[in-house]
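Next comes just one chain, in structure tokens: the form predicted alone.
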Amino acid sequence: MLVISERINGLYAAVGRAIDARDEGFIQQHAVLQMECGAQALDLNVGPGRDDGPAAMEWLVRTVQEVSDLPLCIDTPGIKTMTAGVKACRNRLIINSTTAEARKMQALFPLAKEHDADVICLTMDERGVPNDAESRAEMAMLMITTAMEHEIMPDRLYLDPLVLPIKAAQDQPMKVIKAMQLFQTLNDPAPRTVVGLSNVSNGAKERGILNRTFLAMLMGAGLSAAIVDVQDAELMRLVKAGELLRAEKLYCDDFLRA
């Protein structure tokens, strides 16, 4: 499973301040820490409500890739900010993200094609996130077919069923799992899937156990990638155990240290 670090994000106060100050040292040390904790890709988000979004994203991408050759996941809803980040990126690239809205697909799929990027596809449109798994699967199919019209094959996509906070929508975690199972029937080979894991525990107490338990459930349902807090050591131990149980890594008695 591809483990994407969520921590280089302007929503974290210290990261936001470092982006404001263009503090290369802090950002680069933080990026190295994510790699040391086991990140296999880095999600980069400058945070919401910025007047300088494109310039901040370009700076963040250039700063991080000076110390990391990991894939960079450019995370923003703003098309101008996304374009700036994509153009600055020389590492392997993931666009995070498009929705099923026609205007976003028409803007971002050509950008992905031009820059040889994978794309995270959020199963939502201008009406919001569907309540049921079947509607999520319909949106996923729409994004697959639209991507193919732009010569982007399904193996370049990550389908995101959209995790919602359990505190506000307790029926949704099982609907997310059902949606993932439906996604796997949409193409052969099955499309890849991704989630923003920490969303499940937003606003809740005992966030760690909720995140870890849901990740185990998702891995059992075939999850391909997750944007997670790699500094949660127990969660990363769970990832290693899950990869063994899914036969993705060879077993050894010291698998946690290996």
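Computed from a predicted model, the values in this text were never measured in an experiment. Numbering starts at 1 and follows the sequence shown.
We do not show the form predicted in complex with (6S)-5,6,7,8-tetrahydrofolate (THG), though everything after this point is about it.
Counting only non-hydrogen atoms and a 4.5 angstroms cut-off, does Ala21 reach (6S)-5,6,7,8-tetrahydrofolate (THG) in the predicted complex? Because no heavy atom of Ala21 falls inside 4.5 Å of (6S)-5,6,7,8-tetrahydrofolate (THG) in the predicted complex, the answer is no.
Residue contact check: Leu162 to (6S)-5,6,7,8-tetrahydrofolate (THG) in the predicted complex, 4.5 Å heavy atom: Yes, Leu162 is a contact residue.
Decide whether Gly53 counts as a contact residue for (6S)-5,6,7,8-tetrahydrofolate (THG) in the predicted complex under a heavy atom distance cut-off of 4.5 Å. Answer no; every heavy atom of Gly53 is more than 4.5 Å from (6S)-5,6,7,8-tetrahydrofolate (THG) in the predicted complex.
Since only the chain is shown here, I'm wondering whether Arg212 would be in contact with (6S)-5,6,7,8-tetrahydrofolate (THG) in the predicted complex (any heavy atom pair within 4.5 Å). Although (6S)-5,6,7,8-tetrahydrofolate (THG) is absent here, Arg212 would stay clear of it in the predicted complex, with no heavy atoms inside 4.5 Å.
Spot the stretch among 53 to 61, 190 to 198, 212 to 220, 24 to 32 with residues whose non-hydrogen atoms come within 4.5 Å of (6S)-5,6,7,8-tetrahydrofolate (THG) in the predicted complex. Going through the listed ranges, the match is 190 to 198.
Counting non-hydrogen atoms within 4.5 angstroms of (6S)-5,6,7,8-tetrahydrofolate (THG) in the predicted complex, say which of Gln231, Ser68, Ser224, Asn202 makes the cut. The residue in contact is Asn202.
Pick from Leu108, Leu122, Ile152, Ala84: which residue has any heavy atom within 4.5 angstroms of (6S)-5,6,7,8-tetrahydrofolate (THG) in the predicted complex? In short, Leu122.
Given a 4.5 Å distance limit between heavy atoms, list every residue of 1 to 34 close to (6S)-5,6,7,8-tetrahydrofolate (THG) in the predicted complex, or none if there are none. Glu6, Asn9, Leu11, Tyr12, Ala13, in sequence order.
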